[in-house]
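What follows is one chain in structure tokens, specifically the form predicted alone.
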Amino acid sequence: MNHNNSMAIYWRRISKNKMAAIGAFIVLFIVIIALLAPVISPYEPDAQDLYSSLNGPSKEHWFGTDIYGRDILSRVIWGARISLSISSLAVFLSILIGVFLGAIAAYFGGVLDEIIMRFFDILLSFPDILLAIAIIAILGSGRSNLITAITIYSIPQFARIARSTVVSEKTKEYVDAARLSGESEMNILFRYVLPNSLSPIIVQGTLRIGYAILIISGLGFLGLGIQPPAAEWGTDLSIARTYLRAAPHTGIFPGIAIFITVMGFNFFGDGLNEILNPRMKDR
């Protein structure tokens, strides 16, 4: 099957899955907003106008203003940029580290496998949010430490997926053929086995970005994430909770942004699972 036929099959599959199509649209929309934030943002996200404090939605401020008179729409747009950049980088790093360690553990097995996977089992025994809070408490708040926390608690997820797929792939005939042709074990692993193990990793990575955004927002709400005056959805929700009765719009729009973004990544991830699953047959 050539590349064009494969792409046509993939598009037919995603078009049949309405939730996956919706998820793909939402993810693309959020990514475009994040990339174009400096261009499409009507105001600077940190620009204060105390005379316009807690104003409701209007022609000048479509989403209204917060307690400091800052434009909420601008902060939601820039919040997408911050949330996506942090979550994407953290998930990318956790994929690199987790897949490498999980693949090494699975391919070579033995004591190395036991040491690596038992360590990850210890990390997995802690709830994600509690582990993230503990790491932030040790390292301190800030963007780099937030990326570190999300990366650390995400690594075991990818390591376990990589291990299970590599264990399955390494017993197949093409591995024996490559070994007989004189290929080194590391070359077989990274040139042949891992490329055939990427589908579940890609799906998990997509889902994990949505979950990372939720964790970023949760930590921001608790005051442990991105610190004010930076525009971050969870931090803005934390500020808004004091004024929800007087100005509910200050919390509604950041909350909707979190909900739609996480939902989009979840729908898209489920769609990718259907598209990339080799057991799925085109009908």
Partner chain sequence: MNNYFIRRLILIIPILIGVSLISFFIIHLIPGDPARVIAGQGATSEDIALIREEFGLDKPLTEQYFAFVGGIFSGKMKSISSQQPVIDEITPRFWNTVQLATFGIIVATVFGILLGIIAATHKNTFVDNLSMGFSLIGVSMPIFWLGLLLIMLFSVALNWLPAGGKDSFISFILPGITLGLPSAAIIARMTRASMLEIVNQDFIRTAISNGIPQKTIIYKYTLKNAMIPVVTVVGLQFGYMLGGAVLTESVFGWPGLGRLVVQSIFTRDYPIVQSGILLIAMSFVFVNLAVDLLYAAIDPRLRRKK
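Residue numbers count along the first chain shown, from 1. Treat the numbers as computed from the prediction; the structure is a model and nothing was measured.
Missing here is the form predicted in complex with the partner chain; even so, the following discussion is about that form.
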Among the candidates Leu123, Ile104, Val167, Leu93, the residue which, in the predicted bound form, approaches the partner chain to within 4.5 Å (heavy atoms): Leu123
Only one of Ala134, Leu89, Ile97, Ile116 comes within 4.5 Å of the partner chain in the predicted bound form by heavy atoms, so just point that one out. Ala134
Any chance Leu130, Ser217 and Leu222 all have a heavy atom within 4.5 Å of the partner chain in the predicted bound form? yes
Using a 4.5 Å heavy atom cut-off, indicate which stretch of 25-33, 245-253, 66-74, 38-46 touches the partner chain in the predicted bound form. 245-253
Using 4.5 Å between non-hydrogen atoms, is Met19 touching the partner chain in the predicted bound form? yes
Any of the heavy atoms of Leu272 lying within 4.5 Å of the partner chain in the predicted bound form? no
Distance check, Ile258 to the partner chain in the predicted bound form, heavy atom within 4.5 Å: yes
Taking the partner chain as it sits in the predicted bound form, is Leu237 near enough to touch it, meaning that at least one heavy atom pair lies within 4.5 angstroms? yes
